[in-house]
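Next up: a single chain in structure tokens, the form predicted on its own.
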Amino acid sequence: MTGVSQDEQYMRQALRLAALGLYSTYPNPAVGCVFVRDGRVIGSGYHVAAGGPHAEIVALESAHGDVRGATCYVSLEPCSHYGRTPPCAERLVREGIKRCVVACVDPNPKVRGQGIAMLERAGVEVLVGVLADKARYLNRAFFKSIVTGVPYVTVKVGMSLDARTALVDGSSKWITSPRSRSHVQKLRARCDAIITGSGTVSADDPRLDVRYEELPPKVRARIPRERIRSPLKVVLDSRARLDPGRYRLFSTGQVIWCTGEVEGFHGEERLSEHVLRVGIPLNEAGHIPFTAVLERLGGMGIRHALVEAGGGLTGSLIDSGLADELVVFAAPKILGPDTRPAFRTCNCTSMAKAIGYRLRKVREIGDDVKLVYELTRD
């Protein structure tokens, strides 16, 4: 393969490597790198964790001999500033690479084009934009949080074919298959926070943790247990109806219990080593404004928030345009019209005003189907 197709071939390798870092690089982006000389890969690697070597350095250290005259394929612009590690662009210049193919520019103001400029000033040929859409999508949470200051929001829904999530009596175990639930564990492991509502906690008593043994076998084969982190758990409970001592979610991991400023409670209070209660002013409808929750999480550096909640919270997020992504696990079951809907949204007054999503991925998981939709903003 020659020309652009060859560049795409090696960039795909870099992106596959980058994806392995999605479980552990927070708050950094996931980046992969491949060095090629004379049509042969001579070094490759990915960024594993913040504070550790970046992808370019890992790939350099794995190279068979030096990389002078080689082409560097990297899924995100090499950094140009001193942080916890020295600038990768400067190191690439010293190593004498001839060419650098970059998938996309880093949106971080500390970098944003400066790494590319550093390479070009040193005489390195730079090509930007190879598989840029795939690279941006891989780090979509990093991109959004850097640019807007609030997390990227993924809403997970497990439902029947007629878009129902529970029977009339509230029974919901299990609509989807064990394999689908294993993929939910993977989704959780890639996020920084999991958000739910008080109704889901009282009905299901979920743990909302990541259980390593339930992750897909391919993930466990590539990612050791110590790299899998436990996301922050966030519970929206506008009237403070929950008793933290009764529910499993509050007993492990770090939890933010958002209760609204009710019963004279304001500010925040540390209830235990696990639980922080936070008072957020309610809106006119008596609910905790989700925008306020996102702003607080953004201030904490949270980049990717996963919502696992009932039809009410899910519907309000869709209505407000705050659900950046829907991940739907659809099971081949019909529950009927009187059961609980997956989305309780407002009626749309015209097709032109309908909130639109575009299909990003489709995957068969046994008899279930996983559908990933991305919010369209045009």
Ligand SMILES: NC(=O)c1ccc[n+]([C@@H]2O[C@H](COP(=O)([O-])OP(=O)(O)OC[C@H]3O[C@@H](n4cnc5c(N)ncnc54)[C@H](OP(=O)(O)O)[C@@H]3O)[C@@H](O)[C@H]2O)c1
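So that there is no doubt, residue numbering starts at 1 and follows the sequence shown. A quick note: this is a predicted structure, and the numbers were derived from the prediction, not measured.
Keep in mind that the form predicted together with the named molecule is missing from the display, and what follows is about it.
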Task: the named molecule contact at residue 48 in the predicted complex, heavy atom, 4.5 Å - done: no
Open item on the list: Please tell me whether any heavy atom belonging to residue 239 falls inside 4.5 Å of a heavy atom of the named molecule, as the geometry stands in the predicted complex.
Closed with: yes
Open item on the list: My question is simply whether residue 43 lines the interface with the named molecule in the predicted complex - judged by any non-hydrogen atom within 4.5 Å.
Closed with: no
Open item on the list: Taking the named molecule as it sits in the predicted complex, is residue 333 in contact with it (heavy atom to heavy atom, 4.5 Å or less)?
Closed with: no
TODO: Have a look at 253, 244, 86, 170 for me and say which one sits with a heavy atom within 4.5 Å of the named molecule in the predicted complex.
DONE: 170
Open item on the list: Within 4.5 Å, heavy atoms only, which of 296, 227, 287, 98 is in contact with the named molecule in the predicted complex?
Closed with: 287
TODO: Please state whether all three residues 34, 78 and 91 have a non-hydrogen atom within 4.5 angstroms of the named molecule in the predicted complex.
DONE: no
Open item on the list: Please identify, from 121 to 129, 272 to 280, 157 to 165, 70 to 78, the stretch that has a heavy atom within 4.5 Å of the named molecule in the predicted complex.
Closed with: 157 to 165
Task: in the predicted complex: members of 197 to 218 within 4.5 Å of the named molecule, any heavy atom - done: 197, 198, 199, 200, 203, 204
